[in-house]
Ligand SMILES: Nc1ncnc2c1ncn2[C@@H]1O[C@H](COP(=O)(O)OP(=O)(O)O)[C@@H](O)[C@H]1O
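Let's start with one chain on its own, the form predicted on its own, as structure tokens.
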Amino acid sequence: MDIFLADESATLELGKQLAQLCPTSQFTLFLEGELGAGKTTLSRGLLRALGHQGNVKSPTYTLVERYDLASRTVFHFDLYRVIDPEELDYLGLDDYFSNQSLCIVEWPSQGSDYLPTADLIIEISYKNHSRNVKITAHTPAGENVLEQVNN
């Protein structure tokens, strides 16, 4: 599915919509795109829709931020600075990608085969203050969400 987002508020709105559609069971989103494309903005819209009131920043240096929200736990990863995917062995990834968690992974290509299959892959490209988004489903749960996304 291809979606045109005219501005930052449209990107936040897509995040909100995804938050409302994601199942409460374990669900994984991969966010791909160059620096400044809007990956963290999309994550911010999603987290705010789930009830997070504070700042949402890309966890570039911490690799992962945990958000304990009323409805579920969300783990927001930024793998941009990962040099060798084997570094992820030390994070205990199995603990994150289990139970009822929602995992958002920026720069998933840096994680290679250490990451599970994403339910949805969201590719964001930025041009002239607008964004083009391509969303693909890779699991039945992802297909269910994608069928409900309004573009």
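In case it trips you up, residue 1 is the first one in the sequence shown, and so on. The term rigid core refers to the maximal set of C-alpha atoms that superpose within 1.5 Å between the two forms. Quantities reported herein were computed from a predicted structural model and do not represent experimental measurements.
There is also a form predicted in complex with the ligand; it is not shown, and the following applies to it.
- In plain terms, the part of the chain that comes close to the ligand in the model of the complex, with a heavy atom within 4.5 Å, is 40-48 out of 95-103, 112-120, 22-30, 40-48.
- Taking the partner from the other structure, the ligand in the model of the complex has a heavy atom within 4.5 Å of a heavy atom of residue 130.
- Contact check for residue 34: a non-hydrogen atom falls within 4.5 Å of the ligand in the model of the complex.
- Within this chain, residue 5 lines the site of the ligand in the model of the complex, having a heavy atom no more than 4.5 Å away.
- Comparing the forms between the shown form and the other one, the C-alpha position of residue 24 differs by less than 2 angstroms, with the core used for superposition.
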